[in-house]
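So this first bit is one chain, no partners, the form predicted alone, shown in structure tokens.
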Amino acid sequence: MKSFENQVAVVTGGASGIGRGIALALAGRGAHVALADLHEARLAETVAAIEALGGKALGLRCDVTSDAEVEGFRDATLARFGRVDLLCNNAGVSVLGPCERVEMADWQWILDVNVLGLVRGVRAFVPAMVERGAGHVVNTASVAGIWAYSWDAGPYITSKFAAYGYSEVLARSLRPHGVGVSVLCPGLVSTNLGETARFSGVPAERRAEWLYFPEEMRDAIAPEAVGEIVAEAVLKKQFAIFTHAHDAERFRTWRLDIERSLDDVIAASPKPPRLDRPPVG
């Protein structure tokens, strides 16, 4: 993909926050955008904003935990635009609480949205990309997918680690078919994610003190800035997309720590095994 001009993009969770930022960035570069979200009023507003930029837009209420609704969204998108060039699996939710006390229903909810929501999007839209031999997927994970930054968001962090891992596997799987994959790992962004966040296993009187971010993570950026970062990264065929330099540096440090641990294992082994690891992206 060398340009977004007349390309067709799908964005789940596209009515607000990062999804809206991505949609507006793509529309501003000439893309037509299909948006899925649960919030119909915000969907209508975002569709109007895209059309004001001269783009074509489709907004459809869609619950990414429903196979039938995701497939219906795909069918409506194809009926309107004929194809999909870029899939942005962005819909996400949060659960806060101590891992040992979080209710099973809350674990199931967050994994159904944040992990299986990606899977449903890929199953619905990517087979046609593979058949055509072209396309790109962006899965929204988080810096929480590479760094367990807090004790209070265990379910969220777990789901985002899974999203990152799924994206890496997907990149290796789709690369031979001409389909690119990126995983978005944003730091703190000014979004409305908190509107749907659930507290689980946390007494009501302690909820105000429960949400914690380290000092270096408190520099929130606007969703529109994230959208521009994503658009540029897709054109560059970049796999991991970071929004904050300190997060990228933390990931580099984490990888170096892993490498040092591996060096110790290899040094202690008389015949260290070799495994060929195909490239990502």
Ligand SMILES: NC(=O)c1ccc[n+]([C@@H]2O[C@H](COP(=O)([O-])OP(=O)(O)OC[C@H]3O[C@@H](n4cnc5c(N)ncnc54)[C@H](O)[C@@H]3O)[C@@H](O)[C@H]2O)c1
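Treat the numbers as computed from the prediction; the structure is a model and nothing was measured. Heads up: residue numbers just count along the shown sequence, starting at 1.
Not on display, but discussed next: the form predicted in complex with this ligand.
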Are all three of 3, 31 and 136 close to this ligand in the model of the complex, meaning a heavy atom of each within 4.5 Å?
-> no
Heavy atom within 4.5 Å of this ligand in the model of the complex, from candidates 87, 141, 181, 95, belongs to 141
Out of 64, 230, 26, 35, which one falls within 4.5 Å of this ligand in the model of the complex, going by heavy atoms?
-> 64
Only one of 72-80, 87-95, 125-133, 164-172 gets a heavy atom within 4.5 Å of this ligand in the model of the complex; which is it?
-> 87-95
Spell out, yes or no, whether the shortest heavy atom distance between residue 99 and this ligand in the model of the complex is within 4.5 Å.
-> no
Taking heavy atoms only, is residue 156 within 4.5 angstroms of this ligand in the model of the complex?
-> yes
Quick one: does residue 115 come within 4.5 Å of this ligand in the model of the complex, counting heavy atoms only?
-> no
Find out whether any non-hydrogen atom of residue 189 is located within 4.5 angstroms of this ligand in the model of the complex, and reply yes or no.
-> yes
